[in-house]
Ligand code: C2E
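Take a look at this single chain in structure tokens; it is the form predicted on its own.
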């Protein structure tokens, strides 16, 4: 059975379908409407019509209700006009009646007399109308110090009692909605609103499985806008963005209703055609698309033509491997470009499998380690209470001889696709060990260095042995090395993961879960993993001082870390208000542009010296700085 969750900021309505045995509900989102959001949901979603207590009822009767129902956490009290008076907390009520003589004295008294007794703890309840939004209630509970997270709060309708709601349910729904928002941001293109590469890959795999079962065909149309760079260079990036949105509109016009239009990157798009009975339908859509794109686009008083080159490949005719199908459609598109652009080419067995730009960057990356082009930068991690620097995070950068500084976003994905992420990750670990040893030799204070470990690298069976060999090579203290893993890396082949984690811990390393809260780890597994620290993802930190959802989730993560005796650090702190909120909720460490951007090793040493002299180096405008 499906249920709907409406997001507050992302522009999509979501249908959620649980999958039996998966335990990962959020992985099954299907976006059914990519239009504007509806109004934010109200507390009616959380409403429980619990029978209330009348203010003239006997305390003995109320006590019996608590004793008969262990799941009852609190009882609302109303007057004769159905207006709420208070909320009786189970814990305090039971504790009061467990004292000597109190049951004999107050058992036959009415509840108003008990509430007036000075020794009975009676906190002021939170009362909200059923039209109040989830965000507003979350803010109210946070402002009240989270005291109603367990006892809950009273909900009224037309100022009369309607029911109660549980604070835990409130936290659950705002967490789900935030995760759904993150899912949207991770799976949909921000500029055009269509699925991105990640979601396309998921839909393509599903479409091919269905086609294999039904005896149907699946086609990919790979589309590239001809000479798009000239449009950007002559009219500017804002005009280029407008053109890309116009292109998407036309792609949707040409595609069938059931087709998926996706943006891969830049000016590259894909149309996924599934459940095909005739391969000829692909040619019809491709020709229609090429023809429509020849029509001028009116933009800011300019009339321009943005033609496209289209390549297509068909499953299972051209390939039965899903991963190879996109590459073959890409190759067919480059064939169309080589034949003069503004046209369509089908993939054929003799089509050259060649993407010049991607192949060139991949080849350069293979040689980058040998050429000593990679370098580590270090971002300080600051103790929010003492302002001391217990550690740094090591972040890889690529100084290309011709391209200059290449951002990780442009080469990490290629490294993962090509498998180069393993030797790249090994270089990062070795360089972190070397730098730690060099700092210690120079007399620098002992610093913890955090290193990101990719899922592919972590799942190499030889990974623990590699770490052991590097410890012997560099002779560093493994207690000063923290390995950061994502939730998705840990939630695969759980028995093997647990064994690897135990082997790594035996070597003396500490372990952290990076970007915590954005994945789908189970609390039961989290208890089993020998994890030392959680990192709050920057998406929960951003604007936390004025975003109740973010504050609620961050507060819950801090509470979870405390309950499991884990350290915690927040990423992406950019202003003093964010820092203040996080410090106030008990977050111990933070990192971000408020303190320092990632720095080269020598620059970090200088920054550290300035920091110790209370002359902390900061960016003049952290939000305007380039993120790399």
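All values reported here derive from a predicted model rather than from experimental measurement. Residue numbers count along the first chain shown, from 1.
One more form of this protein exists, namely the form predicted together with the ligand; it is left out here, but the text below deals with it.
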item: The ligand in the predicted complex: contacting segment from 294-302, 211-219, 329-337, 391-399, heavy atom within 4.5 Å; value: 391-399
item: Residue contact check: residue 542 to the ligand in the predicted complex, 4.5 Å heavy atom; value: yes
item: Exercise: residue 470 in contact with the ligand in the predicted complex, heavy atom 4.5 Å; value: no
item: The ligand contact in the predicted complex: residue 316, any heavy atom under 4.5 Å; value: no
item: 4.5 angstroms heavy atom contact with the ligand in the predicted complex for residue 573; value: yes
item: Contact residue in the predicted complex, from 107, 408, 508, 423 (heavy atom within 4.5 Å of the ligand); value: 408
item: Partner-contacting position among 166, 342, 460, 538 - heavy atom within 4.5 Å of the ligand in the predicted complex; value: 538
item: Contact check for 42, 152 and 173 against the ligand in the predicted complex, heavy atom at 4.5 Å; value: no
item: In the predicted complex: members of 459-496 within 4.5 Å of the ligand, any heavy atom; value: 484
